[in-house]
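Have a look below at one chain only, the form predicted alone, in structure tokens format.
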Amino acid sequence: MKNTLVDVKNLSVSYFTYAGEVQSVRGISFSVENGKTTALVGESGCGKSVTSKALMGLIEKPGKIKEGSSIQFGGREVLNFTEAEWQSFRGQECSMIFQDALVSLNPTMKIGRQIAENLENHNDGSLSAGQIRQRAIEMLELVGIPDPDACLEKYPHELSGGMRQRVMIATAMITNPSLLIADEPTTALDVTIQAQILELMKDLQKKLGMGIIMITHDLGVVADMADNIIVMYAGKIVESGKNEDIFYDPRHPYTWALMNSVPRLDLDNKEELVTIEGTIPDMIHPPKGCAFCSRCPYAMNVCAELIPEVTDLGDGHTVACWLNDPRADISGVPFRTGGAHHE
């Protein structure tokens, strides 16, 4: 039986601007299990970060979570939280690592002060100042920072990019949250530091048993880390499943395109990188059919007219694409389609 930590149902988020309603997230549903990593993958503008902000109660005007949306955390409906409940929830039960540590950390405050602040905000009076400082040192040790005592007295600009990211993780983890949201945590780092940060997050997950939501545009980042992968496009989930389902049995043209756009080491270095032609549609006036239709080389007439139904491929693997309908012409499609009728 699944040990569900977060259960999102029919989440819709729009931004009401002078130009019109920007439909950032359009009726998505997914769940996150305790101790597991779920990755939200897709291009910029697909709704990944807006989804994470909704989970943290950080949607600000002109944004609005629409009626009918539900986010259950540990059996509680967080969308009904009061502001005081949100303040208690953020940082204590659910923490977030932002993508640019240099922007997210306060340049005028020492590292020790910034790490301790999160614990102080959720301290019921049982911890003294000395105990809070000791806990900050322990967290810096846990995230692999050498000489944590000295690090507490430094300012963010005195640390390297990798060290700043470790400080961000320590700040988020000091309250032992049940859920950690990592929004592009390795974007500004070189590949060796990226690997270290991802390995660190995996180690912390094993030790602390937390659930992780990893937000990224790079399938290569989540290949060795995510248990479940959700592929988003234009505010909708187009495919979701276990890691091996997405990497070894993708069933949506967009997932296939994302896979092909990851640079490969086994190709001749003179070959051009594969790109996904076109851009994400205008979300003030989203297409009435499949949003990927205009960029899809396998699009059919029905794709432009009707939103595809979700096909359950079994064992938690779902896809929303008309190619998986038994009536579709799948000649020339380089990947498998359909459910049991095409097995």
Partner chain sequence: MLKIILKKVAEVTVVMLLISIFSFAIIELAPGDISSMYISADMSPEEQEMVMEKLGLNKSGTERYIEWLKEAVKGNWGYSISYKLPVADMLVKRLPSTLLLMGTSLIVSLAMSIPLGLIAGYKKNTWVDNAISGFAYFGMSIPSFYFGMLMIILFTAILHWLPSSGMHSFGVNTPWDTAKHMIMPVMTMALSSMASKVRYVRANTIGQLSEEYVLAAKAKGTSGMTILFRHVLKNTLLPIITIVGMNMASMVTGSFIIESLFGWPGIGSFAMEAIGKQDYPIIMAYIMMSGFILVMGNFIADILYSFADPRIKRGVDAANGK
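Here the structure is a predicted model, which is why all the values come from computation and not from measurement. Residue numbers count along the first chain shown, from 1.
Keep in mind that the form predicted in complex with its partner chain is missing from the display, and what follows is about it.
Of the candidate stretches 313 to 321, 52 to 60, 280 to 288, 65 to 73, only 52 to 60 has residues whose heavy atoms lie within 4.5 Å of its partner chain in the model of the complex.
For the residues Ala195, Ala150, Val103, Leu79, the 4.5 Å heavy atom test against its partner chain in the model of the complex is passed only by Val103.
Only one of the listed residues (Lys242, Arg135, Arg90, His217) places a non-hydrogen atom within 4.5 angstroms of its partner chain in the model of the complex, and that residue is Arg90. The closest heavy atom approach of Thr186 to its partner chain in the model of the complex falls outside 4.5 Å. Shown alone here, Ser128 lies farther than 4.5 Å from its partner chain in the model of the complex, counting heavy atoms only. The shortest heavy atom separation between Ser178 and its partner chain in the model of the complex exceeds 4.5 Å. Contact check for Ser261: every heavy atom lies farther than 4.5 Å from its partner chain in the model of the complex. Along 96 to 112, residues Met96, Phe98, Val103, Ser104, Leu105, Asn106, Pro107, Thr108, Met109 each place a heavy atom within 4.5 Å of its partner chain in the model of the complex.
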